[in-house]
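We begin with a single chain expressed as C-alpha cells, specifically the form predicted alone.
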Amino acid sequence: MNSIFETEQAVTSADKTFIKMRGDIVEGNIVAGSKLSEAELSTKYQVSRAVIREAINRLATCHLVERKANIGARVVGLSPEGLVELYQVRESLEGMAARLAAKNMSVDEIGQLKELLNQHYEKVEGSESYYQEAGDVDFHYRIILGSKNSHLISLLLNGIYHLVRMYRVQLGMAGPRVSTAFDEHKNIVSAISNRDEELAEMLMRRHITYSMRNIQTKLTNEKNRR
C-alpha cells in the first residue's frame, strides 16, 4: 500500500527538509498562521531556497500551507470554522474506514491493535494528556490502513492526516478527555474485533464528533482570552 509513511525514507535533502518542516508545523514549532520566508527558512534548515520552495509546495498538498495573492505562503491557521469543515470530512471518511476495518482486518492485525491500546493505557494511566505519535503507533492510522481500501487510505493519509494531527497535537486530548477518549478507542476495537461493521462506524463517528467538540471548546477559550 503506497501511503505517506511507506515513502518516508528521506533519501534527499528535499525529503528531509519537507519531513522536518511538516513535523515542526504539526507540533507548533512553526506557528499556525505565520508567514513563511524562504530566506529565513533556508537559514534555519541550512538548505537552499530551492529546497525550501519545494518543501513549501509539498506542504501545500498536505493542506498545512496555503498561498494567497500578494501575501505569499502561510501556515494554515487553526480556527473553529476550519476545524468543523475538516472534522466533517474526517468523521465521514474515518467512519467508513472503521466499518471496512471490521470487515477486512486480519485476526493478527486486530490483535496488534489491541496490543497498541495496551501500550497506550500504560502511558495514559494517571496522565493529563493522550498524545500519539504519527504512523504505526497512532490508533487512527492503524484503522485507516486496516480498511484495505487504497482510495480511502490515500484520501486520508496523503490528504488530511497531518492537518488533523495539527489540531490533535496542539489542541487535542488532555484533562478529563484523556480517559473518555481511551474508552472510546477500546469500544471501537471491540466492535472491530466482533466484526460489527455498523457499530464500528457509529462509534468512530461519535468519537470524532466528541473530539471535535473538545477542540472547539479550547479554540473558543483561546479566542476569548485574546
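A quick note: this is a predicted structure, and the numbers were derived from the prediction, not measured. Here, rigid core means the biggest group of C-alpha atoms that superpose within 1.5 Å across both forms. Numbering starts at 1 and follows the sequence shown.
One more form of this protein should be noted, the form predicted in complex with another copy of the chain, which is absent from this view; the next part is about it.
Does each of K16, L36 and R206 have at least one heavy atom within 4.5 Å of another copy of the chain in the predicted bound form?
Contact check failed for every one of K16, L36 and R206.
Notebook entry, point to check: Is E54 close to another copy of the chain in the predicted bound form, meaning a heavy atom pair under 4.5 Å apart or at it?
Noted result: Yes - in the predicted bound form, heavy atoms of E54 and another copy of the chain come within 4.5 Å of each other.
Q.
My question is simply whether R99 lines the interface with another copy of the chain in the predicted bound form - judged by any non-hydrogen atom within 4.5 Å.
A. Heavy-atom contact with another copy of the chain at 4.5 Å: present for R99.
**Message:** Is E85 part of the interface with another copy of the chain in the predicted bound form - any heavy atom within 4.5 Å?
**Reply:** Answer yes; at least one heavy atom of E85 falls within 4.5 Å of another copy of the chain in the predicted bound form.
_Whether R74 contacts another copy of the chain in the predicted bound form should be assessed with a 4.5 Å heavy atom distance threshold; does it?_
No, R74 sits far enough from another copy of the chain in the predicted bound form that none of its heavy atoms falls within 4.5 Å.
Just give me the single entry in L163, V169, V47, A32 that has a non-hydrogen atom within 4.5 angstroms of another copy of the chain in the predicted bound form. Checking each option against another copy of the chain in the predicted bound form, the one that comes within 4.5 Å is L163.
Practice problem: Report the stretch among 66-74, 22-30, 39-47, 181-189 that approaches another copy of the chain in the predicted bound form to within 4.5 Å, counting heavy atoms only. | Solution: Heavy atoms within 4.5 Å of another copy of the chain in the predicted bound form occur in 66-74.
| message | After core superposition, I'd like to know whether A191 moves between the shown form and the other one (criterion: C-alpha shift of 2 angstroms or more). | response | Shift of 2 Å or more: no.
For V76, does the CA position differ by 2 Å or more between the shown form and the other one when the superposition is done on the rigid core?
Yes; that C-alpha moves by at least 2 Å between the shown form and the other one.
Item to complete: Would you tell me if A55 moves between the shown form and the other one by 2 Å or more at its C-alpha, with the rigid core held superposed?
Response: Where the cores coincide, A55 still shows a C-alpha shift between the shown form and the other one that is 2 Å or more.
In the predicted bound form, whether the C-alpha atoms of K68 and Q216 sit closer or farther than here (change of 3 Å or more) = Compared with the shown chain, K68-Q216 is farther in the predicted bound form.
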